[in-house]
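The chain below stands alone and is given as structure tokens, in the form predicted on its own.
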């Protein structure tokens, strides 16, 4: 049932590690009804699984707790609801940590909803035995080829379970691996009473979510067309979606903040991480990005309308991560004169020494920063640059080969070309390579769980 004609949904984080003061700015610099924060990426889930395996109280985005402590008095006072996937692989523990924060600052009442059931890591065997092949959707490879090296497996749930948590009275909703777009669509479903077959309205919410999901990237950050035209990036205003019951959305930001919201900044964000623009597939709907109409509706205000939606597929996407060997990255800096020649010679010497020792690598990649790290073979050769940073990365299934690379890099300081610096960090260490395995699973095979608890 419709509660309001329009709502304001503010983006507070585009990824784990985004601008930490942005959530506070969003809830204090102007009116908003919802704050959404995206913390998860594919590789993040395996990191969180490792943390939880070492400590059952961990497995969520720890930075989120610091943000909640900063904004909680304000969101309670203003009745702003917070939605985030920062629950990671342990939303229950994340909820407990938030309750501890609430007690510490003297709150008497707080309702926190969690959405879980997306973590199927422990259920893989049973799911496969029931006919869910979980083949790599890009290569078609069978799961058994990497089964013993799996580190995480999470289903991308959508917006409806989040909307249900809001309906049950949650002030804060924590999810596991929900879709980025679902965080923004959920408040619209909750407030406007949109149904599962309101495809075009749902698609408008998906588009709004896609615009908000990267935080400041749609309000002037990383702007390719004319970045110098963006005012006051120091105090960039993160985007806000003003969503209306009929599916029309206005993208804006708080008055008095930096950044830029224009048709061009929105266009750049709309092109971010999409495949077929006519079929943007989510759990709720397939959105047709080719139908989007953008119109500058005022200063730092863009109207987004006319989005077409189609029925969803019968599948959820599954994000899995697995161990795929080891890597190491090392750097040395060579100074003028002949900096590039020295760096190239050092790279050649190191490669030959490793070859002489009998080591081989799946990848051995060299970049000369100041010359070709951005544009590779298209880069023009610089004329005697002041300095060149030699950066070398290796990858191998053989840990000893990767460790050997670290042992051979630092000796170049006194056994290679002169005028070298930048070795204070010591030899590079072998790190685990975490690879991505995307798959599909029928929606009937898994079920999201919604649970709301009060302080």
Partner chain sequence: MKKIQLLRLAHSRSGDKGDASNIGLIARKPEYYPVLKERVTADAVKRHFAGICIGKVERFDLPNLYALNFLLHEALAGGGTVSLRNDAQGKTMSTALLRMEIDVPDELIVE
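Small disclaimer: the values here were computed from a predicted structure and weren't measured. Numbering follows the first chain given and starts at 1.
There is another form of the same protein, the form predicted together with the partner chain; it is not shown, and what comes next is about it.
With the partner removed from view, the residue among 358, 380, 256, 169 that has a non-hydrogen atom within 4.5 Å of the partner chain in the model of the complex turns out to be 380.
Taking a 4.5 Å heavy atom cutoff to the partner chain in the model of the complex, the contact residue among 347, 191, 367, 119 is 367. Segments offered: 82 to 90, 177 to 185, 103 to 111, 266 to 274. Contacting the partner chain in the model of the complex at heavy atom distances within 4.5 Å is 266 to 274.
For the three marked residues, 225, 289 and 294, a heavy atom of each sits within 4.5 Å of the partner chain in the model of the complex. Not displayed here, the partner chain is kept clear of residue 130 by more than 4.5 Å at the level of heavy atoms in the model of the complex. Residue contact with the partner chain in the model of the complex: residue 373 places a heavy atom within 4.5 Å of it. Among residues of the shown chain, residue 138 is one whose heavy atoms approach the partner chain to within 4.5 Å in the model of the complex. Of the heavy atoms in residue 446, none are within 4.5 Å of the partner chain in the model of the complex. Along 425 to 448, residues 433, 434, 435, 436 each place a heavy atom within 4.5 Å of the partner chain in the model of the complex.
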